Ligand SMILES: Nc1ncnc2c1ncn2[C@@H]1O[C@H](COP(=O)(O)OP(=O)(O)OP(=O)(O)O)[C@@H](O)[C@H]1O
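Only one chain is included here, represented as structure tokens and corresponding to the form predicted on its own.
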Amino acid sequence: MVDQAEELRRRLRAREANGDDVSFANGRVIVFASGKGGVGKSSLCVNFALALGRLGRRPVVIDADMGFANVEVLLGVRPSRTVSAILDGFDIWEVLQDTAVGLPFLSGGSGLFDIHDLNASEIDRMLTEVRKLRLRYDTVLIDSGAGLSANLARVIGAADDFILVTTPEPTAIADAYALLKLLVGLGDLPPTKVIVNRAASLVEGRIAADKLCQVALRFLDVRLDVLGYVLEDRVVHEAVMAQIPFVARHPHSLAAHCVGQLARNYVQGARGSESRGLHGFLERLFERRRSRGALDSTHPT
């Protein structure tokens, strides 16, 4: 009998030989994070997902910021259930939330990323249900919490790609570097891409990105990729107040154009690369929880 993994590799090679894009064949998991709050991380995650959708991808967003419900506020919805409802017998499709802009999302709550006392059967159930997302979606975007924590490090370290959001302010750059330092110290840094948000100009955005890349390379021996910049645009605030993502409300705005370019840069950069996908993300996430459970129980974050 042909090994399933080998059969999958054979199919991917065949698709690649035919010129097909195999970079999303297994699905991709992207985590958005920032060193501090207030840099527009959640807004970028939501609008980036919509921009990916316009490029033919099939995105779903998971709101994993346990302290705040930014994604649901930005999308103007109040979910009736969080992922923890899976443990009460609901299936993933009963937890998944539809939105007016066509972007589905899951409220992570404390169900998927911050439970330390799951037993084996609960872990298996959670894995089984969340894996079903692969049936409909090829890109999972996770809006994580801001700041530094071991829980955040686990989520980032399990992902295919980490998008680090900062602004040109020196404090934001310093906090982004501090997050990178923590991740490197824990050995949990996947391929990392930088977005500079709210830049007054492309020049200001490049200068900020260069500063972060230079200190990361010099002191952490980490090479960062710059995904791009989002220029300051008044429509962003207006869209937040209306609880409609600016890519949907103002599709021809400067900010929407910038995010559209970010999405194109990401898809182009991912082309031909392998991904571990949602299955691999969940396996690594839960395995790390098992292996670090004792530490987490004595040092909660």
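One-based numbering along the sequence shown. Because the structure is a prediction, the values reported are computed rather than measured.
The next section is about a form of this same protein that is not shown, the form predicted in complex with the ligand.
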property: The ligand contact in the predicted bound form: Arg198, any heavy atom under 4.5 Å; result: yes
property: The ligand contact in the predicted bound form: Ala146, any heavy atom under 4.5 Å; result: yes
property: In the predicted bound form, Val230 touching the ligand (heavy atom, 4.5 Å); result: yes
property: 4.5 angstroms heavy atom contact with the ligand in the predicted bound form for Asn70; result: yes
property: Proximity to the ligand in the predicted bound form, single hit among Ile62, Leu52, Ala270, Val39 (heavy atom within 4.5 Å); result: Val39
property: Partner-facing stretch of 85-93, 203-211, 190-198, 173-181, counted where any non-hydrogen atom is within 4.5 angstroms of the ligand in the predicted bound form; result: 190-198
